[in-house]
Structure formats: C-alpha cells, structure tokens
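Only one chain is given next, in structure tokens, and it is the form predicted alone.
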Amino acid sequence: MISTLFRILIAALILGASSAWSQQPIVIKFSHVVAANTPKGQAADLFKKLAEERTAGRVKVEVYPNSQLYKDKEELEAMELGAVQMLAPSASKFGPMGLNAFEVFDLPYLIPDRVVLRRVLDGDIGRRLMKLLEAKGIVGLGFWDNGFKQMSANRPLHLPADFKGLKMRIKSSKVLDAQMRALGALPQVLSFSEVYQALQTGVVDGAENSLPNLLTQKFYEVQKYLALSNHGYDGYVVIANKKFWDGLPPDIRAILDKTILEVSAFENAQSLIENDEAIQKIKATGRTQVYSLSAEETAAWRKVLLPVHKSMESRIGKEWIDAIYKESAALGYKY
C-alpha cells in the first residue's frame, strides 16, 4: 500500500511539474543592430506587442536593439547556436554564409524605385530567395525595407573623381567592395555599431547609409556633406532559427506567421514615411550640407557603377540579376 501511494505521489509531483513547465511562456529573443526608433526597431517592438497579446502570454518576445547582444558579424552565429531565435539582418549578411544570391541587392543602381522593389520582394524572386535559407537552418519570415542609400563624407561627392582615396565604410560584402573601388574609394569593413566613432576619429572618411540610420545614429554630426544619391537599396530579411520555428506548437506558429505579415506591411509603410521625414530633420540640424545629384552627376555615377553588375555575375548568379532586369523592364525602366 505504501509503495503504491508513494508511486502515486511521485507521479502527481511529476505531472504537476510538467504542467507548470508547460505553462512557462515560449521566449523569443529578437536581436538587431539599429536604434529602436528606426522603422526596423519600431517593427520589432510592434511584433513583440502583437505576439504577446495574440498568444495570451504564451509567447514572450525580448527585443534587443542597437547591438545590445551581438554585433553584425556575431548575429547569425548566435542564432545558429540557439542563443537568439529571431534576427533582421541586412541581405548582405548572407553572402559570407555562401548565399551569394542575396548580394544582388547590393548592386548599385539595380533597383530603380520602390515599385520595382515590391515586385521583386513580393513576387517569385523573393520567394525563391527565402527558400535558399532553409539549407542553412533558417526560415525566412519577411522582407523589411530600409530605403535607398545615400553617400556621406567630409568633402562633397558630386562626381566619381571626388571619391578618390577616401576610406569608405561598408558592410561585409564583395559587391559593396567592388562598388567603392569602382568609384576610386578604399572600402573599409566595419560593424554598424563602430561607424560613428570611426567617422568621428577619421578611421574612415565617409559611408553609405539609409536616411533613417543617418538620422538615428547621428552620423550627420560627424559628416560635413550628404549626397542624396539613391544609388543602392538597403533592406533587411526577417529570419528565425528553423529548428526552433518548426518546433513551435502549430497554433502558435500560425499566429506568429500572420503577425509577421502584418508587421512587415507596417514596417515597409513606416520606412517610406521616415525616409522622407529624415531628409528634413537632417537638414534642420544644420550640421551637414545636404544636396541632390544633378542628372549629369547621376549619369557619371551610373557610368562607373553599372559595370559592377557584369563583374559580379559569376559571384551572385547571372540569373538573379537578369530576373530583376526583367521586372524593371516590365515597368519601362532601362539601364
């Protein structure tokens, strides 16, 4: 009798512990490298809010902005090890992993405007790119826009000759390296969190950035000139550890998948608004001279940068470049 009661008591304790454990929220650590008040930062916070509300607390999202947990080069390794579950890195970050197709977005003057951009990301090209991630243990959840990139430096950049000898910060990307060299600059790979100090101390002379990042990181404080060049696209891929995501309870995963779609629409709309507002806010500081390139100056930039497309065909894959050419041509755009 005692033995039976003992077994029942142990079973009850195990069941109680199991039940308590099952009631613990699923924790999702979401790390990113930009400020919380950027479009990406706001979207990450919105995802946290909606995910926790819609799962009635069964999911807890911990957002870590501004490289609080990991720098650019460390993020993907941390996710692979299970230290974080979600990231939103730049598309460039997948090149060093062997997914060179994502570097197509680094090509200068390839994406002409947001209309072409949406056709590319929301269509067959975007779906096929997301599929490539699975082989690396990653699930692609969405594309988040950060706008088009501008060039800044401590001297005016009107023509390619103005870049000669400048040390220009880039993300780790063979395509961006080739872009800067085509302009006559010396590319310097630096983590995003290190850029302000590098500009301030002269380790680098300039950089390319989207307007929201220029504003929120206060790069205008340490750059005298800002050329509104719109020479390239800057965007993020929202990803999760595939083993973790696939292991979620089906009802939870369905809620999170739907939430990501809604948050992605918010982020892309917010990016458009904040890119427009950032120009005026940067001008209002009076700290940097903001100017647009003339038609003749843009033509000079394009003349030296468009050949980078051809030189990168063997790395990225000619089919990916041609696919975007086709989408652009369908809307009447000519290179």
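Keep in mind it's a predicted model, so treat the numbers as computed, not measured. Residues carry their position along the shown sequence, with the first being 1.
Another form, the form predicted in complex with a small molecule, is not on view; read the next lines as being about it.
Undergrad: Name the single residue among Ser90, Asn230, Gln223, Asn241 that comes within 4.5 Å of the small molecule in the predicted bound form, judging by heavy atoms.
TA: By the 4.5 Å heavy-atom cutoff, the listed residue in contact is Ser90.
Undergrad: Quick one: is Asn146 in contact with the small molecule in the predicted bound form, heavy atoms, 4.5 Å cut-off?
TA: Contact with the small molecule, yes.
Undergrad: Would Ala44 show up as a contact with the small molecule in the predicted bound form if we use heavy atoms at 4.5 Å?
TA: It does not: once the small molecule is placed as it appears in the predicted bound form, Ala44 has no heavy atom within 4.5 Å of it.
Undergrad: Is there a heavy atom of Asp234 lying 4.5 Å or less from a heavy atom of the small molecule in the predicted bound form?
TA: Residue-level check for Asp234: yes, a contact with the small molecule.
Undergrad: Answer with yes or no whether Phe192 is in contact with the small molecule in the predicted bound form, where contact means some heavy atom within 4.5 Å.
TA: Phe192 belongs to the contact set for the small molecule.
Undergrad: Can you check 46 to 54, 263 to 271, 300 to 308, 29 to 37 and let me know which stretch has heavy atoms within 4.5 Å of the small molecule in the predicted bound form?
TA: Flagged stretch: 29 to 37.
Undergrad: Asp72, Lys171 and Asn209 - do all three of these have some heavy atom no more than 4.5 Å from the small molecule in the predicted bound form?
TA: Yes, all three are in contact.
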